[in-house]
Ligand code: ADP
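Given next, in structure tokens, is a single chain: the form predicted on its own.
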Amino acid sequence: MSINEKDICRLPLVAMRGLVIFPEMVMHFDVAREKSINAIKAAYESDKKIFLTAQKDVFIEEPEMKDLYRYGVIAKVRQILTTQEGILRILVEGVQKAKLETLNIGTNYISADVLPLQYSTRSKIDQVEIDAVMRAIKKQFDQYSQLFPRMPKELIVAVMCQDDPYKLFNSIIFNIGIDFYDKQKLLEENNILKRLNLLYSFLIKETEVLTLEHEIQELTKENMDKGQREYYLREQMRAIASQLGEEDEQEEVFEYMKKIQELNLSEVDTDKLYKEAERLSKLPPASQESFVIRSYLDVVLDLPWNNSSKSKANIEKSRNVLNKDHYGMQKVKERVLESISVHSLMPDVTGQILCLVGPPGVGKTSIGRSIAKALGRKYERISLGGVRDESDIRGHRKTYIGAMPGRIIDALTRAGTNNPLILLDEIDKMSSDFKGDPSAAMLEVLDSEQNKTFRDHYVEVPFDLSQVLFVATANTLDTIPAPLLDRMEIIELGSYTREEKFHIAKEHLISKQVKKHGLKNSQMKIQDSAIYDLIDCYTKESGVRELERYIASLCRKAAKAIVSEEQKKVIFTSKNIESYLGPRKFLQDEQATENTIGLVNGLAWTSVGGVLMPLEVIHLSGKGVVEITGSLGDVMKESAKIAVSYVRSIAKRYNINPDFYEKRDIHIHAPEGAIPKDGPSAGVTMVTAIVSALSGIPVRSDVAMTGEITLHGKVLPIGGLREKSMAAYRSGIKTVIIPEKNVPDLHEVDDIVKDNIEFIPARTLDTVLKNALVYQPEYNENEYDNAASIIPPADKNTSKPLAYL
């Protein structure tokens, strides 16, 4: 192609959006932009010539030089029509290809300085190659025309008979619909052979698109035809049933089929349900099998396949809900708020299964309800206590008489949504027998990788449980199988302290029971001292259930007094509460009230909280027998042996006869012998009591202690410091000796306890003895047997130990 340059001419310009025109091409299009309309009119009023070039981005309203392609076509305006909407409809004919040199944006319209270009047919062309390309193009165009709707036969014949490459190109490009980006490439290409090759590649791409479009249309039509065919057949069945008097039964079947279609299940599951509905249509309405199928379809269609509740993961609202419903339990609340925060960032997150473990009555079940309220989800509770049959979880197969779905599917049906919070209550109380192991069935329910296709034996159609938030509760982890435990995140809830019970009663339980019994706050009042009496003298529990029962009993007695007009307002105090509830059931923990030889205040942890456990030691003439009484377990017996051995190692320092283990019998006793006691935390108590008894030095009555010991005299950490310290506070103890490694646990101790008790951390038993005994004996350091104590006194030069308040 050679370029015949002419003088640059200035012409009005119209920027085409999504359109490309070629020389010798006749086309019409609409013009709506004001400057484009003015440019058309200006061209029509002069020599009718206008320069047409395409925009690179069709959405730009006021194009500049960078927004336009450099190559376009000089066209002649043949006809102008104005529509009622003010849009200009014009007919143009392409004259000559031209190159945009400069752009002049005026106030009325855009004009351009363009350089006209002229194609030359005198360039050398390989005729063989051009013939091959033309033959390939004709073949491809034939395939294209078979797929393109309403392609004129005359055009197909004209293309097939064309021998001139330029005319072949024009015949095809003027009549096919390809993208304007591709057309612009064809316009800019000068070499006819390259243009034909580009055209061939565009034809192939367009043919593939049309082929795929045709296949999609055929598939859609086939599905529509199938649906129409089924519709006509069902209408015929309806007419036949009407004639036979079975119209109601068929209406029911049609209703089932309509609901099945609305579920949008997979094709396999939909076909299965359709078959059940078709079987129902062929059975007598009163038959037993008809009843079974009808019940089955009702259960399946009542499931919330597509119903989801909108989760509202608001962290501040959630914190307020948890604080309002529960007092204390900061660790549990923080973990719950973390889960809620994750749901806020990723609403579709799955796999978080919490297991709340703790003694009865501490609020595990109510925490689950509060989480559901905070998240805005439906709440359902499944009691697993005493479940022994796997079918309780997975359901029974519908072929059995009285078959029903399992508890999981039943809870989803009751919830009405596919993303409720389901509380698995008492998951540690499940057991197995010859009917199967229900805990094994729970493995699939609580595994986020498996429960996406949970298959109930009754429903048989897989249901997605991955959106369900499961929260389990348990009193102990010992009876939960390890594989099931591995699928849950354990959150431990400790027993309530005395102060926590007081606040729970004052802020929650009393108002709840007053309202429940029809009373007003002005008609009944329980003083703080009476609440403490209820906690200390009438209940001994880890939770607050028994406490709530006694408060309910007081409400009933107040209601009786008010109804019988004996009193207008009932006030329960520490002095009169015994007249309402009877004698106090539990006395204060036994403790040493004065400095005594061989009597030490120990601290112990039980399932109902911490208790003060005094330990007594006496020594008698004998043969070195160590007697242990008071229902002490094996661990405490071992601690007693370690204590005796350690006392032998420091005997000279405390002026104890080194041969006491041969000539004196030692009796160690823990009062309340009917109550079993075990654990290593009484080691320091035993050592102190034995040293006091053998040396004759009294033990301070205002000191309590806890800690495990070693033969070297080290004090090892213990558990339950929070509960033990509360027991010491309740008993009026002023000083508590704790293991040094338990100092970080002091942040969990209640503030009121830390304000009233001095905590002394001990690394060795020397610190314990210095602070527990009334005085330290004098001894000659040179005569002291260094082999008697492996660890020298840690606080030898310290007049007063470090105290943690």
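A quick note: this is a predicted structure, and the numbers were derived from the prediction, not measured. Residue indices: 1-based, along the sequence shown.
Note that the form predicted together with adenosine-5'-diphosphate isn't included here; everything after this is about it.
Asker: Counting any non-hydrogen atom inside 4.5 Å, which residue from A670, V544, L297, M134 sits next to adenosine-5'-diphosphate in the predicted complex?
Answerer: Result of the distance check: V544.
Asker: Name the single residue among G72, G598, G363, G602 that comes within 4.5 Å of adenosine-5'-diphosphate in the predicted complex, judging by heavy atoms.
Answerer: Comparing distances to adenosine-5'-diphosphate in the predicted complex, the residue within 4.5 Å is G363.
Asker: If contact means any heavy atom within 4.5 Å, which of 166-174, 503-511, 697-705, 211-219 contacts adenosine-5'-diphosphate in the predicted complex?
Answerer: Looking at the partner contacts, the answer comes out as 503-511.
Asker: Is F180 near adenosine-5'-diphosphate? Define near as a heavy atom within 4.5 Å, in the predicted complex.
Answerer: Contact check for F180: no, nothing within 4.5 Å of adenosine-5'-diphosphate in the predicted complex.
Asker: Please check if Y327 has a heavy atom lying within 4.5 Å of any heavy atom of adenosine-5'-diphosphate in the predicted complex.
Answerer: Looking in the predicted complex, residue contacts with adenosine-5'-diphosphate include Y327, since a heavy atom lies within 4.5 Å.
Asker: Taking adenosine-5'-diphosphate as it sits in the predicted complex, is E548 near enough to touch it, meaning that at least one heavy atom pair lies within 4.5 angstroms?
Answerer: Output for E548 is yes: heavy atoms within 4.5 Å of adenosine-5'-diphosphate.
Asker: Residue-level contact is defined here as any heavy atom of the residue lying within 4.5 Å of adenosine-5'-diphosphate in the predicted complex; does F470 satisfy this criterion?
Answerer: So F470 does not count as contacting adenosine-5'-diphosphate.
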